[in-house]
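Single chain ahead, by itself, as structure tokens, in the form predicted alone.
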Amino acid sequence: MNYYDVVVAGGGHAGIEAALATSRMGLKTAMVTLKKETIGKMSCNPAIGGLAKGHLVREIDALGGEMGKIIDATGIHFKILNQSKGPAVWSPRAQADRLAYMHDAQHRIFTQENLDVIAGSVTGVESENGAVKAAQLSDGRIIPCRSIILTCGTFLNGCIHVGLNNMASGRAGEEAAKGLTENLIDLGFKTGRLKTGTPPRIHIDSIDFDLVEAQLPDDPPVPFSFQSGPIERRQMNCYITYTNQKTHEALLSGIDRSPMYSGIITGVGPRYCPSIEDKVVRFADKDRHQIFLEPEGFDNPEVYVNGFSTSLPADIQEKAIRTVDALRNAEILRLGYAVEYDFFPSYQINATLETKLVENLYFAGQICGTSGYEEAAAQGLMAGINAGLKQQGRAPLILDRSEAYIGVLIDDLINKTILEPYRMFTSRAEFRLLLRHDNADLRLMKKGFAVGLIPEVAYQSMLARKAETETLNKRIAKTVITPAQFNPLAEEKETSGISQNTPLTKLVKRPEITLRELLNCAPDFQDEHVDPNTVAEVEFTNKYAGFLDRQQALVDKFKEMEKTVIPDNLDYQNIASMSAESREKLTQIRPRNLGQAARISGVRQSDVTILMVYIEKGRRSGKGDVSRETG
């Protein structure tokens, strides 16, 4: 068998990013996947992005990942969400042509240099002296390698449930991955069980479109990738409809055959995305629930019934869905189902996504307890980058919470107790004013270029945009608007005029006035084209300057906490003044610095103070070993 630098187990979104990253960094890589023809398959909703998830995709792109490019090439309905709120929480989302997305992803994998694709299943990790030695396959093959990245999705001992029937499967029609969980347990890893679900798919011709609300795509579509040109692909509408009381009655009539309510399913599911039967039980006061009808492609008759996730029996699914007025003739092409699978609690990985127990073994995606394509892809990319950097003898790439949503994601995984599938939200990012989707290139592309995943032309384009932004900021800081220039606009916008010359930077703070409109008022800018992305960046930094300054002050405080390094050899069990729970959690996680220690679930703030004093005492005493508490 050939020797590889990296073996990536899995061909989903995490596996794609990991394999492309390592191979492009010059490492000989093998992707091992059950079926080559299902690489890039969208198991659940054929959509990329969404609230906070769109931020992740743009950050993946800025670091040199592939997800943004694939959706730009195959998207059929692009939308910027949350535009009624502030720009910090705007987020791109796109519905994909499911088959086109999969085929585009496969083309990128199959044509990539340094990357081989092997059909099979990784069932074991061989180690020597605590480090990866080889990957074991289910058919007995051994692949010698230096690093392994496990991106197994929902396949680890996966079990699909429809009503009281269940079968071993990681995805409808595909085998479960068996043996790997048991191998990792033998190596000392702790495991758990999670659950997720998917709704039925119906035939597009069985929908009564006179009874639904059309959702139009943005025109023009906004690309995800900073390297994509304009999106000229034809777009499709999505649609909204609602359940009703008859729907709820039909669902409840089969609750005794629900695998979730009958106790057959033991894995914990996501609170934020409950099944339709769970919604009906938990929110009994609601007389209807929203359903999104999302086409899966121009030449694909399947429509994804978003909001109707269920694992109820087939007869109940058919009965319930046909009580919806627009779906009274619905033809179900694929039933909804729930899937249970093994995961490995994420306190067992470091910030690089390398495991603590086995050197050069990395976890990425749902194996860490996350849900979602975007969260998986972000982890796959970071695991691939860090595996590559380590083999090259270079420093790891670790993003902190003030730099990226990816930093928030990984920091949460290694510090918080994951009891249910983790999903990214904008509310998880305390510095979200600074972490907008539109400035991901300005924040992260330098890092992507440094690791070798961003081409020179894209990097230079980002530097030019950055320079243009700085130049425009300086110019508008010197620009003054006269009453004669501004007041016609004020009258049009039904806002108060001005009686004297006023700095443009003051007028742009008015919520009803845009920077573009003010530039049109200023003679120096009237005949000049300024890139819309540059205008948007400058407008935000000026309109929200006070908020940004306050958030930057918090970042500076955060950075100070991160500078207080905790010695690797510190024995928390000997800090008697600290609570037992804090000692246990700190011993389990082994935080790198005081800031990370403060974010660990179960660690009290008072104990963080004790730890800070303890570290300072050790430093003042000049002792490198602070493993014992000093009076």
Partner chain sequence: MKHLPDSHTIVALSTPLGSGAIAIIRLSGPDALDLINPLLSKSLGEDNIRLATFAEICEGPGGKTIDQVVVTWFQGPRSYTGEDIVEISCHCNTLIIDAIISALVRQGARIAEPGEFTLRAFLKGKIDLSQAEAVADIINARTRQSLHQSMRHLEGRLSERLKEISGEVLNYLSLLEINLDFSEEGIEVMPMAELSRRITRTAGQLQELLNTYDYGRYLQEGIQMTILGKPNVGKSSLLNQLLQKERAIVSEIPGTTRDYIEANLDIEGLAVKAVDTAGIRKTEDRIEAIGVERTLQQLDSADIALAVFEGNRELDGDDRALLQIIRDHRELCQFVVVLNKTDIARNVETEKTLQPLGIPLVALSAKSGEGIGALKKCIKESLIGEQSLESEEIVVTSARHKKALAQTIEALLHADQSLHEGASDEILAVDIRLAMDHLGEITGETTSEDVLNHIFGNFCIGK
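Numbering follows the first chain given and starts at 1. Computed from a predicted model, the values in this text were never measured in an experiment.
One more form of this protein, predicted together with the partner chain, exists but is not displayed; see below.
Checked against the partner chain in the predicted complex, the residues F486, Y261, F292, Y347 give one hit for a heavy atom within 4.5 Å, which is F292.
Think of it this way: in the predicted complex, the partner chain has a heavy atom of just one of Q245, S427, T111, N129 within 4.5 Å, and the residue is S427. Heavy atoms within 4.5 Å of the partner chain in the predicted complex are found in exactly one of 487-495, 130-138, 319-327, 271-279, that being 271-279.
With a 4.5 Å cutoff on heavy atoms, G120 does not count as touching the partner chain in the predicted complex; it lies far away. Taking non-hydrogen atoms only, L34 never approaches the partner chain to within 4.5 angstroms in the predicted complex. Contact check for K85: a non-hydrogen atom falls within 4.5 Å of the partner chain in the predicted complex. Heavy atoms of S577 reach within 4.5 Å of the partner chain in the predicted complex, making it an interface residue. Across the proposed site, K69, I231 and T241 without exception lack any heavy atom within 4.5 Å of the partner chain in the predicted complex. Of all the residues from 89-126, those having a non-hydrogen atom no more than 4.5 Å from the partner chain in the predicted complex are V89, R93.
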